[in-house]
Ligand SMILES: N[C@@H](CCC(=O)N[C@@H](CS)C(=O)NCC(=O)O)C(=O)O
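Next comes just one chain, in structure tokens: the form predicted on its own.
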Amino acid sequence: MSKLKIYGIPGSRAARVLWCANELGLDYENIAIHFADQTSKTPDYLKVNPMGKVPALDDDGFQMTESLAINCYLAQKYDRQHQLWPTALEAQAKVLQWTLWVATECERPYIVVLRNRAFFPPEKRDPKAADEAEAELQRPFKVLDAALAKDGYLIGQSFTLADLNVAAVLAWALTHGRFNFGPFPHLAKWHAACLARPAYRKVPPRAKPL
């Protein structure tokens, strides 16, 4: 059996998969495919991901893409202690619910905020677009804060893949400080705790912008 391969640099969405693999204690090889240069457009890599994006996974010949879906696959296959992937069907459904929720409700406006407050050169930033996107995030963040108020986690009383996937999408905020979590105290406490986990901290520092 060949070693698990995770394609993508840590400073990309590949960091989400690296975090998950670390939580599961997997032995893997991180192949440094960059999302913004020609390494992601080579014929060999396009066989792994025809879109030429990262991350991608090769698990002994089984290949797939999309970071959050990869994490669901890894947790289902390798989480023998059922710490990330719960045993109950209802809890598994909740993992998928929160994973899809953060991708559809939060990621797009969240990236608009960060690009226009941190990532783009100052002359290319659009403050109005950032403000509008931040306003759009108030409702989903309020929902997330309320969900965390009871137990401090998204499903039950322990950290699961739901927490990992949602926290990974939002990981830029803690690094760049360009979003105010003040109105959402449960979210802020939970997010800081997620990113303090040893498995996340093992991902190289350049991964922190995700």
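Quick caveat, the model's predicted, so the values are computed rather than measured. Throughout, we count residues from 1 along the sequence that is shown.
Keep in mind that the form predicted together with the ligand is missing from the display, and what follows is about it.
Between 46 to 54, 24 to 32, 147 to 155, 181 to 189, the stretch whose residues reach within 4.5 angstroms of the ligand in the predicted bound form through a non-hydrogen atom is 46 to 54.
Put simply, S67 is close to the ligand in the predicted bound form: some heavy atom of it is within 4.5 Å. Taking the ligand as positioned in the predicted bound form, the residues of 11 to 27 that bring a heavy atom within 4.5 Å of it are, in sequence order, S12, R13, R16.
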